[in-house]
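The chain that follows stands alone, in the form predicted alone, written as structure tokens.
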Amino acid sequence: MIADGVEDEEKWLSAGIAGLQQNAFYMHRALDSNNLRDALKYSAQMLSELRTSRLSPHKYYELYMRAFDELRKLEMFFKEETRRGCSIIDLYELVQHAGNILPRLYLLCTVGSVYIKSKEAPAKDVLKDLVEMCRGIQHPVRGLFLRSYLAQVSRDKLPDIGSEYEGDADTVVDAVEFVLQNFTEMNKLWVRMQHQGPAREKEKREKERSELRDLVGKNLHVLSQIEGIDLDMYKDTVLPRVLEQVVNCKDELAQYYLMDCIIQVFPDEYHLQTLDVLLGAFPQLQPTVDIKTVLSRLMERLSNYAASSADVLPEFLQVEAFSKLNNAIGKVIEAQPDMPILGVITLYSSLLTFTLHVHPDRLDYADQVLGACVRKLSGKGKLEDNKATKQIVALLSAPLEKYNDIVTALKLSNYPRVMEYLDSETNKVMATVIIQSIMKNKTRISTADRVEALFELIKGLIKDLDGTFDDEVDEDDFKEEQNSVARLIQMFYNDDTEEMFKIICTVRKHILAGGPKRLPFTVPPLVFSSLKLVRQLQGQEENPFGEEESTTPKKIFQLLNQTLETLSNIPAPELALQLYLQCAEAANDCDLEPVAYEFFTQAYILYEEEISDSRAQVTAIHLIIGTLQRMHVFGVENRDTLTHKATGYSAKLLKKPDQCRAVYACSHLFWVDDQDNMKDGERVLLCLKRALRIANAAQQMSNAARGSTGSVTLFVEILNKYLYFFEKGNPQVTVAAIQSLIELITTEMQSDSSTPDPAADALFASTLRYIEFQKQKGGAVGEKYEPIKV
């Protein structure tokens, strides 16, 4: 059915074009022979093709454009005729004898154009005559194209200031009156289109009307190009007349399009000076008009105008633009109670952008906008409309982008209240945007109050908003979110130790409420921030004034102990153990022996009770040995206790090679270079001998199980330890012991039962080269190594 209609329309268009071309051919022949009567006759017949009602606006436009091209040639002929002496007035009357009104008016407009150009009559009189005559066509499509033609041929002949047609009698008022009258009539025709034809084709007609809108809007563009329209004329005549037509037409499509046209074609400074009038029209529009988009575009234009130059900002203050826009938005929302929440948020988002551009120093204005948004959202619960939540993210991102400083945004009291209306997923997105802004701008958050306010904003990342952890959360996304929180904690800093301690307490309060899954990510940065503060306070263990309130390393360590207890309860024993050892090392640097001992005790308890995986045990024992080796704060008794425990743990590891390596690592606990009271050669030797026994046992086990003694790597590693302590001057490590170990390794490597191991061979060869190198050094070192035979 639709296909048949399209085919029929194509046939009618083809017939129309054929008729038009045929008459155009005869018209050209008449023009070539200067036969005026035949030219008028055939041109009228040619234009009669435009009388059709069968074509859609799109097809009618094709026909019109062909006729328009022919009329340009006819106009050139009329100009030639007047030069040859033909009276333009006679010509003007002659064309009015055409039989049908539509061809008559097209010819009249064409001759009228030449008439104005000849200046034989005032332009305003001819224009007035033409615009009145065109009322003879009341068919919407034919009337619109006729008046569009009139606008086209007259646009360069308006009596504008500086125009050659200005004259004594003509003023810019006449030009404005002509364009406004043409605009008014065209708009009436355009609106009337919706009532033509059956109701079932309403959607099709609306589409056709949408295609014709530029014909109407062109008049407003012409108005904006008239040089003589100053601000006063625009304010007193042009804008009120245009708005009157817009409001009175009561048509959704026309109102939306024409309001948008007004905003786009007229200058920004005119909009600013006539805000009252322009904004007053919005509540009078039809409830179905998409006012939010039009108002948003107006605010966007004004924002760009404000951003273009600092010189225009006083104008905004003078006309109180913010309060007028704010009031207008309120009225529009009241006038449209069914406006979706997306529309409301979009309006306030545009107003906030406008405020940030025009009044960046007025935080109260920005807060006012957010407050108005909160009032409109109240009672709605969490937003479920995706577009609305995205718009809120845009609204909340605007202050961050403008100020590049979260500290400024934190001063906006309504900022967190708007965030409460976001669902948990979007809340996380917004929290991530805030953290990214802080990281990008390297913003330091330096007071506990600001940290508190910031955590209120990003609570979507630091705790489960609905009280339960969602098992469906993507693990990688979760890790990325928590890592961003960890990076954020590093941005909290204040040189004042008291304030920094308050910041740490605030952070601790929030992250401990985050649930067990988050603690492994958020506790470490808190611990290291606290240890950083401890380093600042080193040497200030007791406050000279004896104030209980003052921050001391001891107080911070107490806080850390409580914090790490929660981590070990998750459980995350490996991480907790590492952090306990870090704290012990810091306590060591502050000469707090009881505190350091307590941290070590907690680390040992974790090792014994929580860490059962053999690999984790190996890592943990080496961390314990490494940390303990650097401790200088312990007295003999405490150190012996901890050292004894460490060596005991080492000997109890599951795999023999792990046992061996841990035991020979323990030898370093009894020999610390820069501390004479911690050089016990006998116990070093005991550790090394014990490591040898374990290495030997490992070989025997390998031989029993696999029939080969396995690699000699452990023996070579122990040989390196012997050489280390020999070089450091341990009297218990003798040349004889080293020599016998070298011989043992050589024998094992030559044995048939040993397993070939290129890595062990290379390590042994490298060790022997080292001994040779030391020998060649000469002096005391050379003498020392000389007895060793390799």
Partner chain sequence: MVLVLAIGDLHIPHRAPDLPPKFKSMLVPGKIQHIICTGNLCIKEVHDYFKSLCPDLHITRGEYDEDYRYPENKTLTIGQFKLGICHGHQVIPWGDLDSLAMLQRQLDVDILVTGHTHQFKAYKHEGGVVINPGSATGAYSSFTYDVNPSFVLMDIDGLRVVVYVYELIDGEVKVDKIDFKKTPTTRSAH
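Rigid core here is just the name for the largest C-alpha set that superposes within 1.5 Å across the two forms. Residue numbers count along the first chain shown, from 1. The model shown is predicted, which means the values in this text are computed figures rather than measured ones.
Below: the form predicted in complex with its partner chain, not depicted.
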Subject >> Distance check, Glu70 to its partner chain in the model of the complex, heavy atom within 4.5 Å >> reply: no
Subject >> Residue contact check: His28 to its partner chain in the model of the complex, 4.5 Å heavy atom >> reply: no
**OP:** Please run the contact check for Leu763 against its partner chain in the model of the complex: heavy atoms, 4.5 angstroms, yes or no?
**Re:** yes
Original post:
Is Met439 a contact residue for its partner chain in the model of the complex, using a 4.5 Å heavy atom cut-off?
Top reply: yes
Original post:
For the spot marked by Glu7, Ala18 and Leu144, is every residue within 4.5 Å of its partner chain in the model of the complex through some heavy atom?
Top reply: no
Subject >> Sole residue of Asn569, Gln538, Asn304, Gln196 within 4.5 Å of its partner chain in the model of the complex, by heavy atom >> reply: Gln538
**OP:** Please pick, from Pro287, Pro267, Gly626, Gly136, the one residue with any non-hydrogen atom lying within 4.5 angstroms of its partner chain in the model of the complex.
**Re:** Gly626
Subject >> Stretch in contact in the model of the complex with its partner chain, which is absent here, among 61-69, 720-728, 734-742, 40-48 (heavy atoms within 4.5 Å) >> reply: 720-728
**OP:** Any residue of 594-625 with a heavy atom within 4.5 Å of its partner chain in the model of the complex counts; write them all down in order.
**Re:** Arg615, Thr619, His622, Leu623, Ile625
Original post:
Ser14: with the rigid core matched between the shown form and the other one, does its Cα shift 2 Å or more?
Top reply: no
**OP:** Look at Thr619 and decide if its Cα position differs by 2 Å or more between the shown form and the other one after superposing on the rigid core.
**Re:** yes
Original post:
Superposing on the rigid core, is the CA of Asp129 displaced by 2 Å or more between the shown form and the other one?
Top reply: no
